[in-house]
Ligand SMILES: O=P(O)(O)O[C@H]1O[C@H](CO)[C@@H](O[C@H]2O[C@H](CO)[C@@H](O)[C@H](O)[C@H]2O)[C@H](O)[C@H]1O
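One chain is shown next in structure tokens, namely the form predicted alone.
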Amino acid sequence: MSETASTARAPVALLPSLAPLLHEWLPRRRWFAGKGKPVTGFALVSATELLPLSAAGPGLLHLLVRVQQPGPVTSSAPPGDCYQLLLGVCDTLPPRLSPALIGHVTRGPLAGRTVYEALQDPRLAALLLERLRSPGAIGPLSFHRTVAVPDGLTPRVLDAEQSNTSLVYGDAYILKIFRRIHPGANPDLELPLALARAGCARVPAPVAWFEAGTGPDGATLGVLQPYLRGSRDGWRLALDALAGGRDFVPEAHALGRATAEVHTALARALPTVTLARRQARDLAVAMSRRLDAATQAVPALMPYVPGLRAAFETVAALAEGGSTWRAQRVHGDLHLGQALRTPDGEWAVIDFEGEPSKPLAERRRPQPAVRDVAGILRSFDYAAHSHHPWHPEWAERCRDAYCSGYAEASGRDPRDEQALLRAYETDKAVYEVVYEARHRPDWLRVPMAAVRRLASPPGADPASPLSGRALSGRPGLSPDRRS
């Protein structure tokens, strides 16, 4: 994204006037990734009036702001994360919008006016949909659509904000607003578009989106897709099955088939590559480095390091012996919370953004499909641990059924790539240990149980239940999405 500003409101003076408010407001947002580090400054990337800031009513101001914080600086990119902000501007904020208040501006071009979170205002949220209904450019922003979108749809913001913000319009469409912005095509637009072209019905096809800039410096800002009304995510369905003493084997089998259909379509639609000796060695080295860093952060991992590292070394050794693996575009953050069971009983897969904490280039890199499989297998394990007493056999039945369904639909059984699958599951469990130790110590025993199992030689996995109360929350969601 080029560092240019476009607004009729004196862009040079705009950000300094908002900076005191943003200093207080931004770090409290759930989607702000720089928690724990002080904000030292802001840089304006762009500013666009989507609705003129007149005295007659609220205005809508779109900002891309780079947040400066302490940390390493590289010459290849400007310092600090870039965030997308949509600000409402008015003279007096109605009481019903008081929870959206950001603050009152005391100087600069907006002096004397009130600034608030625009997406909480139905009038301004409706205006954003109207912009998507009318393709074209407004300053540095461009709006696109593939089909006609009806007007008059009532907006509401979803409560479960994670790394982004989502609005539902009339229970017909859902608009995901990306908050942390990276140059390049966001996989949550790129991959569903490719799947739609490939005729894969497992993923809702984008109907509209908007961007900033063009070409390699452009960035995806938001995507509008059909809203799967009445659907329930796989995590909640799994918990319900456990609570009711029911098996989840048919659902797991069907989800395996759905995952395979998505992978097969992605491999048809986008290029695939082969992971040979060098690439597999690099993969194993990266996993080992993450294990080393995790052990420094969580010393409880120390006794298991040799066994865990063996999973990564096995992959490197197989590659040295001539083994290769196909890599393709994958979901990148697949778990039960990303799978929706629609009212007609079919599985749909959503949220192709990948792990938001990772660089966009890494998220767009082809990877073995078993990475996604490992994510679902870990999710079954989390679900089983959420119920007391722990049901390891429930998870194992789900894992086997999922892999069998995947094999039926794709012709390739993930269990035939056991070494690579084990390495990815180990890498995921190590990541989960660090997350739980930092954010939810009560949950640490869940990934540590997997660590003990995965550190044992294949075929000798321990399966001793852990004592303690049942867990609550949403562990089926990737840790990146819980913060």
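For every residue, the number given is its place in the sequence shown, counted from 1. Predicted, not measured: the structure shown is a model, and the values here were computed from it. In this text, the rigid core denotes the largest set of C-alpha atoms whose superposition between the two forms falls within 1.5 Å.
The next section is about a form of this same protein that is not shown, the form predicted together with this ligand.
Under a 4.5 angstroms non-hydrogen atom cutoff, this ligand in the predicted complex has Gly375 among its neighbouring residues.
Residue contact check for Gln162: one or more of its heavy atoms lie within 4.5 Å of this ligand in the predicted complex. Interface membership of Arg329, defined by any non-hydrogen atom within 4.5 Å of this ligand in the predicted complex, is ruled out. Within this chain, Ser379 lines the site of this ligand in the predicted complex, having a heavy atom no more than 4.5 Å away.
For this ligand in the predicted complex, the listed stretch (34 to 42, 61 to 69, 426 to 434, 413 to 421) containing residues with heavy atoms inside 4.5 Å is 426 to 434. Against this ligand in the predicted complex, the set Glu190, Ala196 and Arg371 makes no contact: no member has a heavy atom within 4.5 Å. Taking Val315, Leu336, Leu110, Leu124 one by one, only a single residue has any non-hydrogen atom within 4.5 Å of this ligand in the predicted complex, and it is Leu336. Contacts of stretch 14 to 46 with this ligand in the predicted complex, defined by any heavy atom lying within 4.5 Å, are made by Arg30 alone. In this overlay on the rigid core, Pro414 has a C-alpha that sits less than 2 Å away from its partner position between the shown form and the other one. In the core-superposed comparison between the shown form and the other one, Tyr424 has its Cα shifted by less than 2 Å.
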